[in-house]
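The chain below stands alone and is given in structure tokens; this is the form predicted alone.
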């Protein structure tokens, strides 16, 4: 096998087709999109070279900064919620429910496979205020509190959206982290218990340090997913009210495909890609320092 891997022709035969497909599907569209950032127009009206005008416009665009702030806030809240609740559920599965956890794991994982539109419809009904109160407003009214237009205000709409996406994805991270917990050798946990490490001390000093690589991977995975959120926002709030819940992805989509500004939309997409790359690099840097 080592002899084969040292033969450049053999490597080219084995790796070449995969590299070709990778280049055609991923690299060429990225390079093409970067090229669009120096043009303005559309396929119908034609393209005009504008140099760095799209980047200058981006720096002066208040709606872009609002979308960037929403994406950042959404990433911090939702990624923290997804991984933290996933970790708590994984600990519950492993240390308390044990063999009886299979049914609970299935139920907790179920929202992951539900269509986004169906989940958004459920939450829209839960938090509805008209034509009749949803369950949340009905409970508020039961306790003598005033009903809230949850999706009609920017602040409350953000939290409804965050709760929905945390609920949808925490089962995925629970199962992922549970697999990491199962891989921890039983003799390590047993030895720690004999030394007096039980309950939270066992989790703090034994379990969490062993789970750090998987936690970092989960966090990077979650942050990149939440930065690129699109379908949840479109289905539940459509970016509203106003532009209060518009992330970078939706702003890019509207610039490119509703306003026919392909060049400006590509510039927003490039900024989003660089932002995702920066967040991932920071997380990797933190992970390496922590492991060291």
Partner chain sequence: MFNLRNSFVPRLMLLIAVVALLAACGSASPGTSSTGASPGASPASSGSAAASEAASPPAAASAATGEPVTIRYLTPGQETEGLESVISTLSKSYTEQHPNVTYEHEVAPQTDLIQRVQLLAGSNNLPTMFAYESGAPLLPLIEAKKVLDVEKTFTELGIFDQLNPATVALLKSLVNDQGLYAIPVELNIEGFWYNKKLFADNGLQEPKTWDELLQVAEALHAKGIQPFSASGQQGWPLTRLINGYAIRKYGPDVMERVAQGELKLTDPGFIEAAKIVQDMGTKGYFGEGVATIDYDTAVDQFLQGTAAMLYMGSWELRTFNDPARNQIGAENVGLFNIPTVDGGAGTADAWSMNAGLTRSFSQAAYDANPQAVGDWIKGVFSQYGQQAADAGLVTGFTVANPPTNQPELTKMVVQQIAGAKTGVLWFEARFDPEATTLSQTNAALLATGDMTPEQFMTDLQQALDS
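Only the largest set of C-alpha atoms that superpose within 1.5 Å between the two forms is called the rigid core. It should be emphasised that the depicted structure is a prediction, and the values quoted were computed from it without experimental measurement. Positions refer to the first chain, counted from 1.
One more form of this protein should be noted, the form predicted together with the partner chain, which is absent from this view; the next part is about it.
Colleague: Answer for residue 51 alone: is it within 4.5 Å of the partner chain in the predicted bound form, judged on heavy atom distances?
Modeller: Taking the distances in the predicted bound form, the answer for residue 51 is no, it never comes within 4.5 Å of the partner chain.
Colleague: So in the predicted bound form, is the partner chain close enough to residue 274 to count as touching (4.5 Å, heavy atoms)?
Modeller: No, residue 274 sits far enough from the partner chain in the predicted bound form that none of its heavy atoms falls within 4.5 Å.
Colleague: Does any heavy atom of residue 106 come within 4.5 Å of a heavy atom of the partner chain in the predicted bound form?
Modeller: Outside the cut-off, so no.
Colleague: In the predicted bound form, does residue 278 come within 4.5 Å of the partner chain, counting heavy atoms only?
Modeller: Residue-level check for residue 278: no, no contact with the partner chain.
Colleague: Report yes if all three of 13, 44 and 257 come within 4.5 Å of the partner chain in the predicted bound form by some heavy atom, otherwise no.
Modeller: Every residue of the spot touches the partner chain in the predicted bound form.
Colleague: The partner chain isn't shown here, but in the predicted bound form, which of 77-85, 173-181, 111-119, 126-134 has heavy atoms within 4.5 Å of it?
Modeller: Partner-contacting stretch among the options: 126-134.
Colleague: Given that the partner chain is left out here, which of 197, 207, 220, 151 has a heavy atom within 4.5 Å of it in the predicted bound form?
Modeller: Spelling it out, the residue with a heavy atom inside the cut-off is 151.
Colleague: Sequence order please: the residues of 16-48 with a heavy atom within 4.5 Å of the partner chain in the predicted bound form.
Modeller: Those in contact are 17, 20, 21, 24, 43, 44.
Colleague: Relative to the superposed rigid core, does the CA atom of residue 277 travel 2 Å or more between the shown form and the other one?
Modeller: Moves: no, less than 2 Å.
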